[in-house]
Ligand code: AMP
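Let's start with one chain on its own, the form predicted alone, as structure tokens.
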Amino acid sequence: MAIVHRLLRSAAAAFSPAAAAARRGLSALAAEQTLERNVQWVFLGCPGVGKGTYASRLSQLVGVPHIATGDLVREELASSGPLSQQLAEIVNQGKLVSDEIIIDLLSKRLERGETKGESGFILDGFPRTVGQAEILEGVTEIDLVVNLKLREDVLLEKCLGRRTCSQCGGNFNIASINAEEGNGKPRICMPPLLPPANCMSKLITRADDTEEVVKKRLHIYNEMSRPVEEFYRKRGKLLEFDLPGGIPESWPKLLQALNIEDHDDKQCAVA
């Protein structure tokens, strides 16, 4: 982990020249990593597909930290740090945050984790470009890349239904999705993930969860981030997983695809 965050920080310091220089010496540095380590996975997928939900659950099962770059960006937005205003303009316009900023935030998060004795990770939201994937590949060995897939019309409805409790910070979804089968697309049913009664009056919508911004995010993802899927597909590390429905239906099937057993039956039953 120390090697990972050191090299990511060096790339962030002066991204374009540093990335090329760093890659020349990465192989030797990566060889210093211990052979015995926890899993190092990446979760890919369009905005709103549920990467955070499934990556978080899996991180608890396999005992590694779930690191979501989206959360890192939101934490920085909520702070009074120097990047806060710049990030607000980028996010509210539905644009991708630059490689330099993402790598800087991720590096700092890995450094904090190292001080707490963390080992392994599930990355969510990184890499989002082939350039990022190349840097990560040179720094450390990624074991598996899980690509979550869902119909675009369902994705849009999901994003527009997202809500957060302004008091407890819990994430919920008020959308009741029943997308009919047709044109080669499977039927998708997803019940709403409603909050408890005490949170209902405190729900807020993310500033970037508007139809215009969500559609723009999906378009940008298709144009810029899909090549990352091909990058890992060529390396034989990509697991394609089509979500068949909501969490109760998808979770056990995802575990089956990953050959993982969840002995906590209660978790499987939670919507």
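So that there is no doubt, residue numbering starts at 1 and follows the sequence shown. Small disclaimer: the values here were computed from a predicted structure and weren't measured.
The protein also exists as the form predicted in complex with the named molecule; that form is not presented, and the subsequent description refers to it.
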item: Contact of K202 with the named molecule in the model of the complex (heavy atom, 4.5 Å); value: no
item: In the model of the complex, V91 touching the named molecule (heavy atom, 4.5 Å); value: yes
item: R74: touches the named molecule in the model of the complex, heavy atom cutoff 4.5 angstroms; value: yes
item: Distance check, I102 to the named molecule in the model of the complex, heavy atom within 4.5 Å; value: yes
item: Among the candidates L96, L156, V130, C165, the residue which, in the model of the complex, approaches the named molecule to within 4.5 Å (heavy atoms); value: L96
item: Partner-contacting position among G161, G125, P195, G113 - heavy atom within 4.5 Å of the named molecule in the model of the complex; value: G125
item: Triplet S56, R109 and E118 all within 4.5 Å of the named molecule in the model of the complex via a heavy atom; value: no
item: Region of this chain that lies against the named molecule in the model of the complex, out of 205 to 213, 229 to 237, 58 to 66, 242 to 250 [heavy atom, 4.5 Å]; value: 205 to 213
